[in-house]
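Single chain ahead, written as structure tokens, the form predicted on its own.
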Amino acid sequence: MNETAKKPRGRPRAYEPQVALRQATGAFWKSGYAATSLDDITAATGMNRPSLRAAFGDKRAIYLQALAGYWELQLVATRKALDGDHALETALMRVYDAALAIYFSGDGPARGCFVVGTAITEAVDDPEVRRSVMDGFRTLDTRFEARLRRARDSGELGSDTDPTALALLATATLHTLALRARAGTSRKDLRTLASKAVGVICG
């Protein structure tokens, strides 16, 4: 067998798709969808345009994958925080602590929530982005409501408690933390805010 026959066909990938997508997400997270160019994404990922297109599609396709990946991260963190036999107050603070860990996960100033920081603007004109945002919000509402309903049924909350209304308040607290993180409020102060919101929710 000659040397040519021994060589494997094709070139090995010079990138890891999940790593590249995470780097692209960081670029969108920093500047938003409209202000992030393909040149910004190539710089963040180290991939050229043809490689990006072959791996992920165009800029919008890359963004939609980044948005889906962020929702998975956020919703998994929320589910894990609410699961188990923790007291309601503890469970809610676990959610907010997990969210703050995400909002302050980048280098430099807090990035806040990827959805709130990048998708809300795009949702006005892009039905697919709008659907992603609404589906994610509904999932958060549903998970909070299920935990609050369990707390009411077990006696942690009063029998006249409205789990649906409190779930909306719990989700709204996430949005508030995200906005204030992006605006520069410290993590310590945001945790204090979250604790006060939990006190209101738990009565």
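Note that the structure is predicted; figures quoted are calculated from it, not measured. Numbers follow the displayed sequence, beginning with 1.
Note that the form predicted in complex with another copy of the chain isn't included here; everything after this is about it.
Of the candidates Ala146, Leu38, Ala61, Ala172, Ala172 is the one whose heavy atoms come within 4.5 Å of another copy of the chain in the predicted bound form; the others do not.
With the partner omitted from this view, the residue of Thr42, Gln65, Ser51, Ser31 that lies near another copy of the chain in the predicted bound form is Ser31 [heavy atom within 4.5 Å]. Contact with another copy of the chain in the predicted bound form, judged as any non-hydrogen atom within 4.5 angstroms, is confined among 65 to 73, 23 to 31, 150 to 158, 43 to 51 to 23 to 31.
The three marked residues, Gly117, Asp162 and Thr185, each reach another copy of the chain in the predicted bound form, with a heavy atom inside 4.5 Å. Although the partner is absent from this view, Arg94 stays clear of another copy of the chain in the predicted bound form, with no non-hydrogen atom inside 4.5 angstroms.
Proximity of Ala110 to another copy of the chain in the predicted bound form falls within the 4.5 Å heavy atom cutoff.
Contact between Val133 and another copy of the chain in the predicted bound form is found at the 4.5 Å heavy atom cutoff. Interface membership of Val124, defined by any non-hydrogen atom within 4.5 Å of another copy of the chain in the predicted bound form, is confirmed. Contacts to another copy of the chain in the predicted bound form (heavy atom within 4.5 Å) from stretch 185 to 202: Thr185, Leu193, Lys196, Ala197, Val200.
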